[in-house]
Ligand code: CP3
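A single chain, nothing else alongside it, follows as structure tokens in the form predicted on its own.
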Amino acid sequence: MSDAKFLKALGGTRLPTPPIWLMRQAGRYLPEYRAVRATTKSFLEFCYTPDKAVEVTLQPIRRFGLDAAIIFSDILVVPDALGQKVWFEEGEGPKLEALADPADFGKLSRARLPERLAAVYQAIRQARSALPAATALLGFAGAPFTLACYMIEGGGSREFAKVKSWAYRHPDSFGLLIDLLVDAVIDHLVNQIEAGADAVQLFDSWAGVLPEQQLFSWSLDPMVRIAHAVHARHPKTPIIAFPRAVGPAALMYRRSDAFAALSIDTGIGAHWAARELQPHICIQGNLDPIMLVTGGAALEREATRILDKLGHGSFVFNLGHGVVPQTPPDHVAQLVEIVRNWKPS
């Protein structure tokens, strides 16, 4: 396992200089990423070609010296491995052959998962071998509710009417889908850890569309079940929870029995997070990705403000969501320098 300061922060240590990595740090904003992407026909083929996945995983580490790498993959490899048709339309994002009713569950099977995702685990083995010992390697998965959203909606959505209507009208069948996804995500995370991932992150990107009771039932509870099952196999591997856009309901995710860290989006104030969350759990976040696009003095002011609020406890500097394609790479370098040079007052 990597002896990384990123892992020390997840373990609850307050470090003089917080570690930094960025969600979607391997992506289209880097010209070297675009060059590798141009050599593959489809995005899934890209994800399932270990040498290329490893190359783009390492690119931001070489360029910026970040404290953690995250394996290049996608949350939708799990539905793909379960047997649902998944593809990516250029300029439109992911598309899935939507589940229309519970009878469609019969097409899904966890049995395919280890073989279908073997390339992901091979990429992790290669990346861990290639990374410096001081740089942690993250694996990840989509949380069950977010995966269910894509699987029922057939892609992204503004209203999430199909998935919420299904969950409200047919909670038993929706629960069966969530249970299947819990088990599949456990399999996927355990396989990533056994391939060499030092920590894992659970992305619940669409958690914020749920009302409070359903947020507990369909987001938090499945994530906790996953964490407990993973820890039963690998008790020392940190798990980061990222329930996006849940606002003050983030209080429910201060579960030190399940999560080592809570990643917060830009909708949560750093001062509130320092007071209400950080005494209980390591915080990761939460710079606005558009501030990273802006750069300059505005970036320095905002990054320093977040550091001043959260840098006095266990903290990992990150964005509130992923790096966007229009981000100038020089601004990422500027941000890393700001974090590295910050001194607590």
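All of these numbers come straight from a predicted model, not from anything done at the bench. Note that residue numbering follows the sequence shown and begins at 1.
Below, we refer to the form predicted in complex with the ligand, which is not included among the displayed structures.
Visitor: Using the partner position in the predicted complex, report whether residue 33 sits within 4.5 Å of the ligand, counting heavy atoms only.
Guide: Residue 33 belongs to the contact set for the ligand.
Visitor: When the contact criterion is heavy atoms within 4.5 Å, does residue 76 count as touching the ligand in the predicted complex?
Guide: Taking the distances in the predicted complex, the answer for residue 76 is yes, it comes within 4.5 Å of the ligand.
Visitor: Within a 4.5 Å heavy atom cut-off, is residue 253 in contact with the ligand in the predicted complex?
Guide: Flag for residue 253 set to no.
Visitor: Using a 4.5 Å heavy atom cut-off, state whether residue 149 contacts the ligand in the predicted complex.
Guide: Although the ligand is absent here, residue 149 would stay clear of it in the predicted complex, with no heavy atoms inside 4.5 Å.
Visitor: Please pick out the stretch from 233-241, 253-261, 200-208, 127-135 that is in contact with the ligand in the predicted complex, where contact means heavy atoms within 4.5 Å.
Guide: Stretch 200-208 is the one.
Visitor: So which of 160, 88, 105, 272 reaches within 4.5 angstroms of the ligand in the predicted complex, heavy atom to heavy atom?
Guide: Spelling it out, the residue with a heavy atom inside the cut-off is 88.
Visitor: Since the partner is left out here, which residues of 309-327 would have a heavy atom within 4.5 Å of the ligand in the predicted complex?
Guide: The stretch 309-327, when checked against the ligand in the predicted complex, contributes only 321 at the 4.5 Å heavy-atom cut-off.
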